[in-house]
Every structure is written in C-alpha cells, then in structure tokens.
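One chain comes next, on its own, written as structure tokens: the form predicted on its own.
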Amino acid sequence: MRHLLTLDDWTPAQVASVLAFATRVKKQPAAYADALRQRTLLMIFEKPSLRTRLSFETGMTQLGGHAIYYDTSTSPMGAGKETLHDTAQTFSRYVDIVMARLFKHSDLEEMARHSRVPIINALTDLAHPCQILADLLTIQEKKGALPGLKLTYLGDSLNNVTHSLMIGCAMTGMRVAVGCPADPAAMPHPDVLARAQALAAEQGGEVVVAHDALEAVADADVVYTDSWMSYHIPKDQLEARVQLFMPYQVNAECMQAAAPEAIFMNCLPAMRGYEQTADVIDGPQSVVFDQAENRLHAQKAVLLELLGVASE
C-alpha cells in the first residue's frame, strides 16, 4: 500500500486489515505512542478543513511524530510558480509521508507519480477515502460485522463522499442504496457506480440508485447524508439546490422508514434544516461525533500501515 489515493487502490482484504488495525490503535493508544518517533507528515491544504487538519496533526503527535501544515494559498505551488513535479521531488527529500487535500484528483495522481514517499488522499473532487475508513470503523463499532448491512445515502450524489462510500461499502459486502434526483448533475459518476457494482457483486453486496427517498431508505441499517453546498459550489446556487434536494432531506419520516435500530451519519459540516433536520442529527440515532472522532483512529492506522509499522 504505497499510496492511498482511492480505496480502490487497496484490496478488500487490505481495507478489512486496516479497519482491524484501527480498532487496536483506538483501544491501545499507549502501545503506539512512539511508533512514528522522528517521522514527519506534510499536510498540503488547497481546500479548507477542520476535522482533516485536527485529526491528522493530532494523530501524528499521538504517534510520537510531527506534522507540518502547508497552505497552498501562500506558497509557490498555489501561485503556480512551481510544478507538482518539482514540489513532489522536493518534499520527498524532507518528509516521510504526505497527506494532500486538493481540488483536482488528477493533481494528486501527478504528485504521487513523482513522490518517493507515501501519499494519502485527504479529499479530492473524486474521492475521500479517509472519511470512509472512519465511517466503516464507526458502522462496525455500532453494528458489528459489515457484510449484509444496508447503508442508504440521500442527497447530492455526484461527490467524493458518495463515490468513496459506494466503493468502500461494496468492498466490505454491504448493500448500498443511493437516493438522489434523476439528474446527471446530482447522480454518482457512471464509471464509479459501475466499479462499485462490480466490487459488490464480487463481495456479495449490491449498489443501487433510486430516485424515491423512502424507497431508498427502506430497512436501512445506516442512513447517511452530506452537505448540499460543498466548498466549490457558489452561494448563489443555494436556493436552486435546496429545491432540488429537499425531497431527499433526512427527517423523522425517513428515519422511521429505516430499520428500527438504524444509525444516522453525516461526515460534517452539517446544516440543520437542509440535508437533515435538527431532531435527526441531534437525536439518539445520530452518531456523527463518534464518526468524526474515528477520523483520528482510522488515519493513525493508515499512517502506521503506509510507513510499515507492524499492525500486530
């Protein structure tokens, strides 16, 4: 596992292994307190973040290492004065591992081609693998074994979270129902959908797309949503997007259609009254802050794995 650019870079067995590793790291943090002593993580941010920066930087500290925050808006890279080739060649001489939160997935791939150290995708327009590893860890903690569980995602589905959820859940044998408008601008990318369905067939799960929210959420063990207004979407589109996605809002009616013990997830940030109602996200079925915490534990396992620290 030289890099983690998408979950599809790994095999289902590797995903299962890193989830098991994350569980051990979470239960026994002291056992790994010096595991990355004298190791340095470079954190490249083209897009803003709360959970990503805090979880990675805290994780490196807890593992005995050091993290450097690099904001591209104040750098030669961001100003277009240095190529990704030269940037990757340079940081490879200084640091042990890199996480990058970028707009374009193609830029991450270019960086990885020229890097001598592991690259972790901390979000691109295509994928968000670290978030989904944290999500799978959370579902496993709350629901036990993953194969056969049903996750329903409702809302804007042409995004990195939906794409990585479909791939990650398919790899674990889960069933996925995506509920979204019948509009190509709001549906999963066809290539990602086809790949997720192929993986699901191999692992005994399924991935389907539905355009009726209650149909999609029926008997779901996990109900998941994400912001309708991602960072790149202009504010003047809010009204139109609310009109488009409001039929897919996660509210009490949706949760009642799901399985009785269903949990609610949102990778945050969340806007109450938009993608979900306040009674859902602040209610007893919500696990959004356990989910946010697990970014720390899952990413610590990824860092250790990519840097070759034994998982046993």
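If you're wondering where the values come from, they're calculated on a predicted model, not measured in any experiment. Note that residue numbering begins at 1 and tracks the sequence as displayed.
Another form exists, predicted together with a small molecule; not displayed. Remarks below refer to it.
In the predicted bound form, none of the heavy atoms of S75 sits within 4.5 Å of a heavy atom of the small molecule. Taking the partner from the other structure, the small molecule in the predicted bound form has a heavy atom within 4.5 Å of a heavy atom of D226. The closest heavy atom approach of L268 to the small molecule in the predicted bound form falls within 4.5 Å.
Residue contact check for M111: none of its heavy atoms lie within 4.5 Å of the small molecule in the predicted bound form. Contact with the small molecule in the predicted bound form, judged by any heavy atom within 4.5 Å, is made by just one of A88, I120, A177, V161: V161. Contact with the small molecule in the predicted bound form, judged by any heavy atom within 4.5 Å, is made by just one of S230, Q197, Q140, Q203: S230. Listed stretches are 182-190, 142-150, 122-130, 206-214; the contact stretch with the small molecule in the predicted bound form is 122-130, by a heavy atom cutoff of 4.5 Å.
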